[in-house]
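Take a look at this one chain, the form predicted alone, written out in structure tokens.
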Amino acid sequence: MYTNRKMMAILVAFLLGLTLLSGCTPASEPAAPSEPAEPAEPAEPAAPSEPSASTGPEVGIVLPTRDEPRWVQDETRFNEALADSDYSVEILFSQGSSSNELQNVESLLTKGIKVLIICPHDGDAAAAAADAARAEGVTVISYDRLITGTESVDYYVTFDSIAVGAAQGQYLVDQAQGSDNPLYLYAGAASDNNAFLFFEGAWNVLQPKVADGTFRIINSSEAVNLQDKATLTRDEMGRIINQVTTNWDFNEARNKAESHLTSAGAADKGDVYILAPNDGTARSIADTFATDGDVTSFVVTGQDAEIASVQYIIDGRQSMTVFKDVRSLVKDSIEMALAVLDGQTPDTTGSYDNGVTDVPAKQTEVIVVDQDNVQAALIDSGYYEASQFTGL
């Protein structure tokens, strides 16, 4: 009984202690409402970043090949012409490949060029490169050779190509004596629109002299079939050119000449007259004809006034060249490019039909050079140094 009362007393005391303890613990006060945050000051708008200056070239130039002295000479002239300008230039070579040409153009476009100056390897194939440039807002200047089959050509800078061929043909006519003179015809590449223009100019002058018996065509059956026709269609010219093309290649010109001389009899040789399309092929053809014992003499044309051919002319191994002052052509094309970059409209003197559109063009005159005027035309004019030649 006592034990139970004692246990009860302990239990009551314990419960009372718990009650007291809970009373001593302060109740948690509700959290005070937070003060509304002050509205943040609007951030100052970031200043527009200044456009970074372009480190790429403004003018891109694509030339056909380094393997012909003419185009290496053009490269030098371009660099000289732009040396004192505020614009930079990059020059690439396509090495006779339209595929390389397109890659070169695409590479220049990624570098941010504003003007493309391009001498196409193949006029039709180069349309893709011109279209790619036009799509990027780049002005396209076709240089020396016309890009065909596209509207994406803004300007054309050229020598009067028909006048070049006419000058070559006239030189042969002026040197000819008597009648029945053997005439050998050679042409540039069928892929080059200029080859047709050169041939057209030459045919305009030579055909009447073939018709009257002054010349007799030896190495082209297609030309013989058409020799009574004063004006040829492009298709007719193409048939002749395909028979006598050199593709602007030294070796092909030599091989063609060797083949023609092998096929020709002695009566088709003697004092011969040779229409060669440019200086490189002229030298190869001249060297080949010079080794044939049945060839008594030859008159051979050329164009471009390459250093090697100027020496050939001095030495009597090549008869003439049509001097196309590259300084003038480069000057005209650079003036066009700078006008475009400065927001101006370039000067033009005519236009050429490229099969799709008439392309505004600037033409440069040409000069016939032979032994009689080589000094005045090429040395005295400052185009070459006398020290570059022997026997002047």
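What you are looking at is a predicted structure, and each value in this text was computed from that prediction instead of being measured. Start at 1 with the first residue shown and count on from there.
Unshown form predicted together with a small molecule; subsequent notes refer to it.
S.K.: Can all three of 58, 111 and 139 be found with a heavy atom no more than 4.5 Å from the small molecule in the predicted bound form?
M.R.: The answer is no; none of 58, 111 and 139 reaches the small molecule.
S.K.: Based on heavy atom distances of 4.5 Å or less, which listed stretch (331 to 339, 345 to 353, 363 to 371, 62 to 70) is in contact with the small molecule in the predicted bound form?
M.R.: Going through the listed ranges, the match is 62 to 70.
S.K.: In the predicted bound form, is there a heavy atom of the small molecule that lies within 4.5 Å of any heavy atom of residue 273, even though the partner is absent here?
M.R.: Output for residue 273 is no: heavy atoms all beyond 4.5 Å of the small molecule.
S.K.: For residue 145, is any heavy atom within 4.5 Å of the small molecule in the predicted bound form, or not?
M.R.: Flag for residue 145 set to yes.
S.K.: Residue 278 near the small molecule in the predicted bound form, any heavy atom under 4.5 Å?
M.R.: Yes, residue 278 lies within 4.5 Å of the small molecule in the predicted bound form.
S.K.: With the partner left out here, check for me: in the predicted bound form, does some heavy atom of residue 192 sit within 4.5 Å of the small molecule?
M.R.: Yes - in the predicted bound form, heavy atoms of residue 192 and the small molecule come within 4.5 Å of each other.
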